[in-house]
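The chain below stands alone, shown as structure tokens; this is the form predicted on its own.
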Amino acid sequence: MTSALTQHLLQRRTLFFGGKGGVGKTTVASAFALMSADRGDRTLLVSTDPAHSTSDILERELTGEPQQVVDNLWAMEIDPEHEVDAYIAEVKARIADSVPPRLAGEVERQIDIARISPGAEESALFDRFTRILEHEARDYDRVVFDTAPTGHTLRLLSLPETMTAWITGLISHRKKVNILGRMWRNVAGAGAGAGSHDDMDDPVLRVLNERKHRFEETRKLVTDAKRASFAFVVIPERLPILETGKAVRALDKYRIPVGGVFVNRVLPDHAEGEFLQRRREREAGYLDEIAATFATHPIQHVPLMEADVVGVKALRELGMVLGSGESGVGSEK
């Protein structure tokens, strides 16, 4: 019998796995992606976590382009530094076609300053993120994002709304500049120099409109509960529970659907010993807290495995647990 949470997620085409650093988020995301592939769904696993743990867990050196791992499973890791460099290079190339040569040097200097400004990395990652959803995702039945730790991910997922508003303002400003330019040329005549006579001929405005459309489509996707879902991974400890609770409320604010919560590393019933018994008693209180905090979402307990989950074989075993929900511990809601 498939667990309620897993069944819910398998009905969505775009999935996000998130959580506090160190809770096993990458492991659960990788196991789920492999389970999806074993079911016959062409699955792409995308890591946006700078730690690059996905390569270690899959025992495969991943790059920024999809690589096949096993039948029906491809994986890739996005390098934030590389994405920022590529993003800045693209901006410079586009600006070079629309800025007078006398201003090019100063514009490039300002762009280089922006390279190290707060938010530059998130903007570059978001640009790559939207391109994956627009292009690579077409070749797969399901895309599973293994996201960076919670705070970084929340900033990334809030960008569809904030970037759309920001770029709308830029478009409005650019149109006003074009209107003033046309007025000036009408008054000054040929001596005012050549320029765009139509917004459709403006390369800057064209790029802004293209990006606005891409941002709007991304926002539609991540807020569509029938197509996308966010799953949190948490462990029965105080700080991960508090952080995940805040994250769920933040996603609700941006209308991003939360599919449920995987409670990872729950002590199995067969674990014996006085030390483990004391831990189990303390753990029971945290499990009750998780059940109360996320009472409106499906919850699935995932047992603490006897060995590190590394490699396809171990991930497949964990995937079977995720799929069946028969972990021998906990409950589902």
Ligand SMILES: Nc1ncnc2c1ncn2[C@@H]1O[C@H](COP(=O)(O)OP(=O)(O)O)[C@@H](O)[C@H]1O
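This is a predicted model, so every value here is computed, not measured. Sequential numbering from 1, following the sequence displayed.
The next section is about a form of this same protein that is not shown, the form predicted together with this ligand.
Q: Quick one: which of 38 to 46, 25 to 33, 275 to 283, 59 to 67 gets within 4.5 Å of this ligand in the predicted bound form, going by heavy atoms?
A: Selected range: 25 to 33.
Q: Although the partner isn't part of this model, could you tell me whether Met305 comes within 4.5 Å of this ligand in the predicted bound form, counting any heavy atom of the residue?
A: It does: once this ligand is placed as it appears in the predicted bound form, Met305 has a heavy atom within 4.5 Å of it.
Q: Is the gap between Val312 and this ligand in the predicted bound form 4.5 Å or less for some heavy atom pair?
A: Looking in the predicted bound form, residue contacts with this ligand do not include Val312, since no heavy atom lies within 4.5 Å.
Q: According to a 4.5 angstroms non-hydrogen atom cut-off, is Lys20 in contact with this ligand in the predicted bound form?
A: The answer is yes: Lys20 has a heavy atom within 4.5 Å of this ligand.
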